[in-house]
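Shown next as structure tokens: one chain only, the form predicted alone.
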């Protein structure tokens, strides 16, 4: 995909397949729409009055308008002018991209980024435009017998004033990288679990390291994992014939390689259960196929590191992924088993379907060696978080106020929101065990919170936050598939840290 800007003021003479303009409700035209209406001697305004209500996300293509050189003018609804904001802008850009894909267009010019919003600067609006195009052109055909036609949209242009071109180009560059990272995350999530195994995730990390010079990948096999005494992680993997993989993908910016003084790294830890049957505590059959998405935390780490490397961020970022399957067998964890984590703490396994925390706790202990500025784990951890927050917000848990505010702000700007949930000490009492230092579940009440409380016991040596993405990492039903979240949130946070 080619993203670029255009600063020529002569919109009416611009030759392109599609020229998109914004229209507010009650017939209020954006500056670009008004210019084209004048060039068409009022044709657009007359059509808008009778055929277009301009509700947010609405889209009306008009072909061969007199006085306008573009093949078609696309009216994009922006809602009430006084309510126009970054979310409406994103919805309109998404509607444009979706139309271009349906119409099999190869290029489009959008004027929307030039319309100010009170909650997003131009660079953010351009970033959003690129992300929306990348999302609309995402294409999965890895497991079809015949390749499905890919979207033809290859060129997307923002029409902008000359003075704003530099900011718009920076936003497009960032959005393109984030979009590519989201596409990788979605592809890994969408792949079937017989293909996307722990070994496959490890190979993906190695492939990224070959593609980007700032990345270095290390994939530890079972023998090396055993040497690290990751007993909790290995207890989950032992039920499967697929070997586990412990993946470390490290982005080192050029300045850090040159030996200059650098900030402590930011570490991202992603849950990589490539299929979760629940183990001996087996899940119900309906929708169990969706448990291939239980590695979306790992996928989001790989997608984020891809975007980080493409942008060559100036901050060191390290991705850690414990990857395995959770299956029932004669060697699988049993309810009542006691396992010993890398930290030395013992865990009574009361439910083998609460396995994500068992692999993450050892990865969180491993993260200590990097002396990180912050550690953020990302996991499709609990159905309880879906009940609490639905499919809109990811759950955010942390006792570090600076980290909380940074992630919440990043989520708002990236339109990839999270909601801060409590980690109050009394919840820890629910994890008491008569036979180990802790149990791996705390009962039905506050399930997302007690899961985070469990992880908190392994994160006392650095600032830490946990993102529960069980409700946001994939969609169900007819639109079943990975979403690529929370790559936008994570990338915005990292961009903010580099600013």
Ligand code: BES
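Positions refer to the first chain, counted from 1. Since we're looking at a predicted model, the values are computed, not measured.
Although it is not shown, the form predicted in complex with this ligand is what the next lines describe.
- Residue 283 is the only one of 238, 283, 250, 262 with a heavy atom lying within 4.5 Å of this ligand in the predicted bound form.
- When this ligand is considered in the predicted bound form, only one residue from 127, 89, 306, 271 comes within 4.5 Å through any heavy atom, namely 271.
- Interface membership of residue 276, defined by any non-hydrogen atom within 4.5 Å of this ligand in the predicted bound form, is confirmed.
- A residue is said to contact a partner when one of its heavy atoms sits within 4.5 Å of a partner heavy atom; residue 382 meets this definition for this ligand in the predicted bound form.
- In the predicted bound form, at least one heavy atom of residue 291 sits within 4.5 Å of this ligand.
- When this ligand is considered in the predicted bound form, residue 467 lies well away from it, no heavy atom lying within 4.5 Å.
- Only one of 67-75, 338-346, 373-381, 198-206 lies within 4.5 Å of this ligand in the predicted bound form by heavy atoms, and it is 373-381.
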